[in-house]
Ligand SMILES: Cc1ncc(COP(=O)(O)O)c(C=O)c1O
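Quick setup: one chain, the form predicted alone, written in structure tokens, and binding and motion questions come after.
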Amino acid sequence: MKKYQQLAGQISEQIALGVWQPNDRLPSLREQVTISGMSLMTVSHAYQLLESQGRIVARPQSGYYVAPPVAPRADAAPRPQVTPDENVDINTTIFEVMQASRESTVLPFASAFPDPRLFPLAQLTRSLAQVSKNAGPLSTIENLPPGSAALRHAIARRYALQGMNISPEEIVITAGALEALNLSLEAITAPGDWVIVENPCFYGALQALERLRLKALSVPSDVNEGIDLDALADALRTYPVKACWLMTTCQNPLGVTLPPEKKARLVALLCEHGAVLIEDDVYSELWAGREKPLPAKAWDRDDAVLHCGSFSKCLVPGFRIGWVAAGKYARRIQHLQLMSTLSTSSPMQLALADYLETRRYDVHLRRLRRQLAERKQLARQGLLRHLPQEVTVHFHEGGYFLWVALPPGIDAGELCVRALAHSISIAPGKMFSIANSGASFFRLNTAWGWGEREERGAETLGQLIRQMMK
């Protein structure tokens, strides 16, 4: 056993014996160096191990604390169920909803994208023109997988700003996050394997499972607490799970962000059972609060988390540039990309790298987060004004989605059909679930602003819901 593991075991035993109580502050790293006689690196590794196990939590500018106890479940509450599905079929529902809401005359409450007018398109166009003018004859070849070296270094530096050591060599640039996620899934599974998704989850995960002929295990996620880790543990013990496709920050469609201690426990649990986490983190730049939440990847000590990100939701959808921090799977993903899309657009990669060098990105992000937060509050207030009191509008800071719960027995799919007749689109809950558990929910996009048109749309939705309640 290594020294850091010995120290972690010693502190774990002290916590079990009650020497350290929940929420007690542990000795700082330097204090622990003096107490234990071990090096700072050894002590740091021990604390990181304890954090990944969910035994302690780090509080910025404060130190390490014993993790609070997990609240026991109420006896009367039914245990959330894991739903297996060996034949995922979700594409028909998604296609119908997305096709119906493409028209410019339709109010885009169902849209998955933010308002493109919020993005610095003029600056990005200048960067694209600049790199196109200066691009050499070999630029296309130089930017084949794993992608532009300049862009991969820029992404690695942004990881470094969060204290994460991700080498540019383990980053693969992709045609948007969806390609990163699909390639990651394909790299670690074979047809017939079991894959865990959340319920509800991003419908792109269900589409990927259907395309790759994978079996789904749907683990319940609570609108306030996120994924149920006890149910996840049950699934991992019961099925030979190869991978988990999860969102840990600003989850789509619920909007919930997992706290650090839950992300740490999630990674430790998956590592214990040999399952790989595919972390869909496309909304991470749209967080709310003073500090950007760390992804689950920050607790990965075994190269078992493939972290997928994108510029599509926070900077420029049209460029279709994403990436995966793939670790030991990077070469496998590059091979799969060469056999499918070949490579990501070279001019788009170079333009993004050029824009990131201007250091305007963070200025843009601060403005974007502020605008999205204002629009989300206005949308929430508008819905509360017009929807029946029996409707619950779930709200989380960050991102741009609201998750709306209809009264029991009211079908959001039927509401979707009726709303489209009034040129209003919503995303019904069945788009996000392999089970029928989302029948009385819908997701609403708040990123397109709130004016008279949106106010009338909310009023119409309220009228339609009241008619259905009768």
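Residue numbers run from 1 along the displayed sequence. Bear in mind the structure is a predicted one, so any value in this text is a computation, not a measurement.
What comes next is about the form predicted in complex with the named molecule, which does not appear here.
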query = Which residue, Y355, W299, F109, Y283, has a heavy atom that falls within 4.5 Å of the named molecule in the predicted complex?
reply = Y283
ask   = Here the chain is shown alone; which of K262, H386, R158, R320 has a heavy atom within 4.5 Å of the named molecule in the predicted complex?
value = R320
request  = Choose from 186-194, 275-283, 211-219, 127-135 the stretch whose residues reach within 4.5 Å of the named molecule in the predicted complex, heavy atoms counted.
outcome  = 275-283
ask   = Is M247 close to the named molecule in the predicted complex, meaning a heavy atom pair under 4.5 Å apart or at it?
value = yes
query = Do R152 and the named molecule come within 4.5 Å of each other in the predicted complex, heavy atoms counted?
reply = no
Non-hydrogen atom contact F202 with the named molecule in the predicted complex at 4.5 angstroms = yes
request  = Examine G176 and determine whether its closest non-hydrogen atom to the named molecule in the predicted complex is within 4.5 angstroms.
outcome  = yes
ask   = Which of the residues spanning 303-335 lie within 4.5 Å of the named molecule in the predicted complex, based on heavy atoms?
value = S310, S312, K313, R320
